[in-house]
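First, one chain by itself: the form predicted on its own, in structure tokens.
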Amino acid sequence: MVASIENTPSALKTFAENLKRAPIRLRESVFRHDWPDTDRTRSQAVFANFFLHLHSTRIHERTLRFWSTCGMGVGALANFVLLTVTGILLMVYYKPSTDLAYQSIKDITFIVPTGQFIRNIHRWSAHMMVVFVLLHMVRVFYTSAYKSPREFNWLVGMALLVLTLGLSFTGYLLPWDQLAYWAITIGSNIAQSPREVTDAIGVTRFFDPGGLQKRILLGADTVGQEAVTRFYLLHVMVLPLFMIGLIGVHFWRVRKDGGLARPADEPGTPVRLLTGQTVSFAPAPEKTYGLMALVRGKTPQVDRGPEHTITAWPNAFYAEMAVLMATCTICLVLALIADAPLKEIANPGVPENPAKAPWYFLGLQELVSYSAFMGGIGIPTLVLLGLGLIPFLDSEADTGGLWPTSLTHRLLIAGSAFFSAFVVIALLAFTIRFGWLRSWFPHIPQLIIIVLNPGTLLVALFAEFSLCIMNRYNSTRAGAVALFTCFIVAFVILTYVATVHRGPNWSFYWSRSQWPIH
């Protein structure tokens, strides 16, 4: 007994050895695998990491080709991260009050160290995120990446687009300057636009959905403290929480739907793995293992072996970090050369002329100038409904993942773009030169203006053109491409005209130098 006690190391010695090994044991408790320098440890690095396991352990090599995705999805996520970080920093000094908001923005701009720079980054990240999300949707559509089994993820992407616009719109009011006040006033009037219909049929006294929408949005009949409180709460808490949740669902479904859409590989081709071994893979089974048991049916991964795949670590993460750094670089450069605007403090008694909505709503504002309801509610609802139905109406077999390469497809896109540009420009030129029904018939019923205006005429022409293309090519995909291209081109042209050529009283001017001098 005495001998065993003598051979036992002292507590102090054991304590010293444990203290010496503490850093190593801490690393081992966090990382349960060796340094990722082999295929096995690289896969473990992804599979065992909470943040990285959204990726599968191996990905297809086509996924990393730039033109497969153009990095738009990762770029949009990078902008959201920038917005979150800079938004938190701005919240430290911002005061959501009509009495204090404008002064707090001035303090951030002129007093807080790097405050102007942080605000610039926040503004440019917001604009870039809208652009990236729109371009991401364009890429997904033209590469047919919305087809089975990805229909649900297309709808999730549309919801993310709406949330992105909502985030940017709610943040627009917070500086409480003239630009913000009158932009939100326009937005709230668009929300109230159903009153145009109820007034026309004489039921507003009993049924006023437009007024209800405006009160829900602003908390009052005018833009004031209630609106600032609501917009601030939506901007910093409610919409970001929904955004984070849907981003998680979006990435999760990408993985569960078999990764990014891609064409089928050539079967039976020997592949040289990263280990240097050249192998051929046998056909995959017709059943697949689930988490619980052997299950019937197929998942997107059945009949797909590891051919043409590489480990996600570090290949995918290098590519994603490159997109993140490029996005940050562009944003920082823009923040250095162009400051976020700050006009005079909001004054309800001095309206802006022209009062313009944020740039991504200017195309709608152009249509609203003809009919508030159709331009602000009717046509956007039809567009969103049409986009949501695309994966279910276009059921032609296509694995997706490739940009249109055939001459026929390219001519279809070019022809649709030309048709849309011609129709939109011709209609704008006609209305600018000759006006519309109200100019010719001052007492015409408003219901006729609501039904028959340049916006509804554009939608009808695009729909007819799409049906003609569908019939000519005997293809639902061709009709969808024609319609989608028409709306994208129309959105760009209407946004450009409203941004550059609309001046005081929403009149058309070739340049700002032609605006009347007050």
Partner chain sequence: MSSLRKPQPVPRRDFLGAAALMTCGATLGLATVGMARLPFPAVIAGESSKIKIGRPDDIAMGEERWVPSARAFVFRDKDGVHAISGVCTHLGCIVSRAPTGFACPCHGSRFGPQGEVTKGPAPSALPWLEISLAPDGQLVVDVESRTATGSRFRV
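Fair warning: this is a prediction, and the values are worked out from it, not measured in the lab. Numbering follows the first chain given and starts at 1.
What comes next is about the form predicted in complex with its partner chain, which does not appear here.
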Of T229, N353, T329, S395, which residue is found within 4.5 angstroms of its partner chain in the predicted bound form when only non-hydrogen atoms are counted?
N353
Find the only residue in G219, P240, G400, P380 having a heavy atom within 4.5 Å of its partner chain in the predicted bound form.
G219
So in the predicted bound form, does any heavy atom of T114 sit within 4.5 Å of its partner chain?
no
With heavy atoms only and a cut-off of 4.5 Å, decide whether S97 touches its partner chain in the predicted bound form.
no
Is there a heavy atom of I201 lying 4.5 Å or less from a heavy atom of its partner chain in the predicted bound form?
no
Does at least one non-hydrogen atom of N153 fall within 4.5 angstroms of its partner chain in the predicted bound form?
no
Could you tell me which stretch in 139-147, 319-327, 333-341, 211-219 has residues with non-hydrogen atoms within 4.5 Å of its partner chain in the predicted bound form?
211-219
Interface residues of 101-131 toward its partner chain, as seen in the predicted bound form [heavy atoms, 4.5 Å]
none
